[in-house]
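There is one chain below, alone, in structure tokens, taken in the form predicted alone.
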């Protein structure tokens, strides 16, 4: 049975029938390179995946909202109302769809009636493959489809980010929602987060595949050092702005950074800013490497990205470092790095097809031995953005 049939059957079981419903899908994403650059006015290079969030939705003739998630079945049906939606810290998973509904209202789109919504995600939870952004984008997509709101896919990304910032209190950049809303099969998105200009770059990996390794270490964005890193970068930026006219760390070349870095009054902040500047430049070089079909250079830049995230930005941690350092030992690994916010979550590796089984076996064994629990491995495809199924 396909996922569409599965969710339709479950919807009927939970809500009595599935008359008049529609089925939707929004992907998860992985960022190939360009980490912690998106809130520093730099470039990122994410792609949408073929795993994501499936949703079934229909309008109600009252103001009630009824939610059910197949990922949190023990919570059962969670009821609320379209009226009086307000930010509630850490209530439950429905904060993500409710946040988007609230954000639509804030942007002047009145939602005329309630809905029954069932979700089922096949993105590993807490993996850093953006299950929350996937839920946000699928919710926005549902609202546009059901109520005919005049919003573009870029708007869906911005509304999703707004809801996560203002409703859920997570200070995320735009990358996740943008990558999901704008996904294109077999392409990654080279996005300049300073002005949202972007281009699609084909990912042509001859005889190689993208493998995601999940650390299975649980983490929450809000309680990680994420906000701390953001404020360190903001302070470094304001120090640099005393000596050079820039709007964001992403505006600097490596040479400019080396010239002006003495303006940063703290060695730790200097390293944070260095990562933002150098990672942005690496991302630009990586896209050029792909365009000239130099996958080996792309892999080297991925490796350098991880080292910078480990040493200068200090967001990797033992789990991700173990996954990456063990990956680097395996012949046939073209590049490997942590992806996402860090402190847990996933790594992304480009692995030659003939080496994938060895990779999973060797990295998996070494990881479990060192960390004490197993990692999960996913060989992934790059897919499209949100769709009606």
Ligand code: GLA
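Just so it is clear, the structure is predicted and the values come from calculations on it, not from any experiment. Residue numbers count along the first chain shown, from 1.
The following text describes the form predicted in complex with the named molecule, which does not appear among the structures shown.
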note = in the model of the complex, the residue from 320, 49, 57, 341 with a non-hydrogen atom within 4.5 Å of the named molecule is 341
request  = Could you check which residue among 226, 260, 278, 93 gets a heavy atom within 4.5 Å of the named molecule in the model of the complex?
outcome  = 226
ask   = Which one, 59 to 67, 349 to 357, 28 to 36, 320 to 328, holds residues whose non-hydrogen atoms are within 4.5 Å of the named molecule in the model of the complex?
value = 28 to 36
Contact label in the model of the complex: residue 172 to the named molecule, heavy atom within 4.5 Å = yes
